[in-house]
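Take a look at this one chain, the form predicted alone, written out in C-alpha cells.
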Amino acid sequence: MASAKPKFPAIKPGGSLILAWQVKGKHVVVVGGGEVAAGRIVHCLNADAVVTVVCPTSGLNPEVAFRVSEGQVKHTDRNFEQSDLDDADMVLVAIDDPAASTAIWKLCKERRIPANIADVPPECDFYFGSVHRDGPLQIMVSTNGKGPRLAASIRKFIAKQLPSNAGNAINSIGNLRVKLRSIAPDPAESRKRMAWMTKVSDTFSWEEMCKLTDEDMDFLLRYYPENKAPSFSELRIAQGAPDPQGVDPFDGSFGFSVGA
C-alpha cells in the first residue's frame, strides 16, 4: 500500500515575492518630475529614503516642485546622465520616452541596481502596489503590474473592513513587546515571549489594546512568568488588588522588578 503524500502547500507560479523593502537612508534616484514621479517620491519619503529627482525644472509638476523647494528631495536640474547612477541604491523611471526609459533600465541591469520603469512591467525588478497606511500598519495590494486601478479598488475595500483604530492598537502592542524584551532579554526566552504575546493579542480587542496605558502594560507583565493573559477587565480590576489572581509581583528572577 502506497504511503499517503505529505500535505505541503501547493506551488502557484507567476506571483511576485512581496517584501517590506527597508530603504531608510538609502539613495533612490527618481528620473522624471510628473504625476507618477510624485507618487513614487511620496512612497520613498514615507520609507525615509534619500531621494534625488533628475529632471529639468520645466518638467516638474507642482507637487514635485514643492518637495524640491522644501528640501525634502535633492534636485538635479537636467535630463538624465549615466553618472546619476554612480551612488544609486534604487532607480525609479517615470518619463514619457520609451527609448530613454529602456536605455536607463539597461544601464541599471549592467550595474545590478534594482529599477522600476513606470508602466513597463517587463522592465521592472519590482512593482509598486496600492498601499493602505495607518501608522505602523501597511497593507499592499499587488496585481503584478496588470491592473493598478483594480488594485486600488481592492485596497479601499480591505481598508473599510479594518477597525478605525488599528494603527493605535498595533502601536500599543509594539510598546508592550519592547517592555517585555527589556525585562526578559534572554534569547532562550524567545519562544515563551512569542507565545505570551500571542495570548495577549488573542485575548484583547482592538479597542482594549488602544486603551492600554504604560501602567496597564507594567502590571500586565506580572502575568508573564506564568504565561497567563488576563482579560482587559480582569487586568483593570486586579490592579486594585494586592495579589492579582494569585500571581505574585515579579520577583526579579528575570533580572527586573516591575515596581523598580
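Each form is matched to the other, and the largest set of C-alpha atoms that superpose within 1.5 Å is called the rigid core. Owing to the predicted nature of the structure, the values given are computational and were not obtained by experimental measurement. Numbering starts at 1 and runs along the sequence shown.
This protein has a second form, the form predicted in complex with another copy of the chain, left out of what is shown; the following refers to that one.
*Go through Ile95, Ala169, Leu180, Ile104 and name the one with a heavy atom inside 4.5 Å of another copy of the chain in the model of the complex.*
The option sitting close enough to the partner is Ala169.
*Though another copy of the chain is not shown, can you say which of Lys211, Lys192, Lys228, His43 has a heavy atom within 4.5 Å of it in the model of the complex?*
Residue within 4.5 Å of the partner: His43.
*With the partner removed from view, which of 59 to 67, 214 to 222, 29 to 37, 230 to 238 is the stretch that lies within 4.5 Å of another copy of the chain in the model of the complex, judged by heavy atom distances?*
It is 59 to 67 that comes within 4.5 Å of the partner.
*Can you check whether Ser164 is within 4.5 Å of another copy of the chain in the model of the complex, heavy atom basis?*
The answer is no: Ser164 has no heavy atom within 4.5 Å of another copy of the chain.
*Do Asp89 and another copy of the chain come within 4.5 Å of each other in the model of the complex, heavy atoms counted?*
Taking the distances in the model of the complex, the answer for Asp89 is yes, it comes within 4.5 Å of another copy of the chain.
*Applying a 4.5 Å heavy atom distance criterion, does Val50 contact another copy of the chain in the model of the complex?*
No, Val50 stays farther than 4.5 Å from another copy of the chain in the model of the complex.
*Within a 4.5 Å heavy atom cut-off, is Gln82 in contact with another copy of the chain in the model of the complex?*
Heavy-atom contact with another copy of the chain at 4.5 Å: absent for Gln82.
_Pick out the residues of 206 to 221 whose heavy atoms come within 4.5 Å of another copy of the chain in the model of the complex._
Contacts from 206 to 221: Trp206, Glu207, Met209.
_With both forms fitted on the core, check whether the Cα of Lys199 differs by 2 Å or more between the shown form and the other one._
After core superposition, the displacement of the Lys199 C-alpha between the shown form and the other one reaches the 2 Å mark, so yes.
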